[in-house]
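Below sits a lone chain in structure tokens, taken as the form predicted alone.
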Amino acid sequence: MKPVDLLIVGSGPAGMAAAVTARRTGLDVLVVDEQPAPGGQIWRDIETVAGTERGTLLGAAYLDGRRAAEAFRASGAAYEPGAQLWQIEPGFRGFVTKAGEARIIEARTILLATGAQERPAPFPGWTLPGILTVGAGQILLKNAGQVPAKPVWLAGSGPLMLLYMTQLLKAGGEIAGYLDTTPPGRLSSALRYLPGALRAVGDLFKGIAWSLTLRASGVRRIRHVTDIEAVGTEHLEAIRFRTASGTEETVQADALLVHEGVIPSVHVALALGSAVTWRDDQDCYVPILDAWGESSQPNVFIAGDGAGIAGAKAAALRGEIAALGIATKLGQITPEAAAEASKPARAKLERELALRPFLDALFRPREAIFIPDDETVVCRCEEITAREIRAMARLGRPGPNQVKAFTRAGMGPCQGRQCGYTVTRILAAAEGRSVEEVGFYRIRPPLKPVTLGELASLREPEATS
């Protein structure tokens, strides 16, 4: 089998835009994605929902995905939905599983468009049934139009929180209360970035409109919440919280949705050995990339929110720019042609990124989510508490990989996606080191669970003459 010119992992805004642009340059493109249809998380199920009442309530930004999906379908790129990538070897050989069978895809270049994930925010009781993330709640709304049967509590901070609450109310859901964890003083610290953010004034107005909608609906909003505890035995029964002013309250609840922002999905990049750096403004690791999105590993490109959180429009623009860089590297177009073709996308991307410093400062998470108390479960897969991580720190100055070896934190099905940042932050605080100095887990294949049956089905690609 002949290697494809470009293997794109992910069919969200970045992956679709990259595929369309790469095909225009004449590249042979294959897109693989775990989801059954294009759109990624932000435009999930867009082809089914667009044109329905549910699509209208999800808003214009969601419906923008329809045009992107149509262009992607018409691009001529090969597309394999429901394909789970679990390893990439140098060279490149991508190992994927689809419908219970594994196969190898050979490619000349790789574009990772794996998007973002919600930031893990452990607190006492967060593993109880009845507690979901806001992202999970939004998936249910997009996929099936489902809203909680009873008034639901929400806790956290960030644009997605405001958007989801607005969508939930439009869909007929009820909100029992909103525990706003945005710390005091965040608006003051964000105002210095307002002049730059005015370049994206339309998005600013959207955020203001969401807040006004919540106020008009009469949703109870408790500001400056510092500590949250979920109470219950077999399931969530109550929520106990404290505010910065010292107010404490316990409310009855059987459903709680939480959210503390999003972070880039960097596991595949780390597995490939791509260099990352710590961003204080977004409290996360991001890949180190050149102007075309190429990582420290030659011919491995990264686009979208996996390259740094910036939203759907910026993700698509990054995908377009990366595709032009890949076409140049493969000799399909000249560097001069790529530079000229990328100018409009770069100008638009600059405008999109102008808003980020304001949002990052306004919604920067509270410190408590990074250093949970001793009894809080940090690794859900292996049920490892913060106390066990701190006990390891007292034995010396271990890094996350030593902690993984001795406690199994990060060895479960999620491969550290839910505990990695928390382990790093706990170690940094306990050892008096910076987060960047402590580092992150060493990511090893398989990136996702693979069955023995799937491994047994694996065959080497047939050589081409």
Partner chain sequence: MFRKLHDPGQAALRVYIDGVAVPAEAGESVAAVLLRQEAVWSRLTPVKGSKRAPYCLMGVCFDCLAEVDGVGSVQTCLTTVQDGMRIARQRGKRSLGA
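Residue numbers count along the first chain shown, from 1. Keep in mind that this is a model prediction, so the values were computed, not measured.
Keep in mind the form predicted in complex with its partner chain is missing from the figure; the text below concerns it.
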query: Non-hydrogen atom within 4.5 angstroms of its partner chain in the predicted complex for each of D360, I371 and A428; finding: no
query: Interface segment, criterion being heavy atoms within 4.5 Å of its partner chain in the predicted complex, picked from 389-397, 333-341, 285-293, 123-131; finding: 123-131
query: Contact label in the predicted complex: Q117 to its partner chain, heavy atom within 4.5 Å; finding: yes
query: 4.5 Å heavy atom contact, A144 and its partner chain in the predicted complex; finding: yes
query: Its partner chain contact at E382 in the predicted complex, heavy atom, 4.5 Å; finding: yes
query: R192: touches its partner chain in the predicted complex, heavy atom cutoff 4.5 angstroms; finding: no
query: Contact residue in the predicted complex, from G308, G173, G177, P365 (heavy atom within 4.5 Å of its partner chain); finding: G173
query: The unique member of R221, R279, H235, K98 whose heavy atoms fall within 4.5 Å of its partner chain in the predicted complex; finding: H235
query: Contact set, 7-44 vs its partner chain in the predicted complex - heavy atom within 4.5 angstroms; finding: E34, Q35, P36, Q41, R44
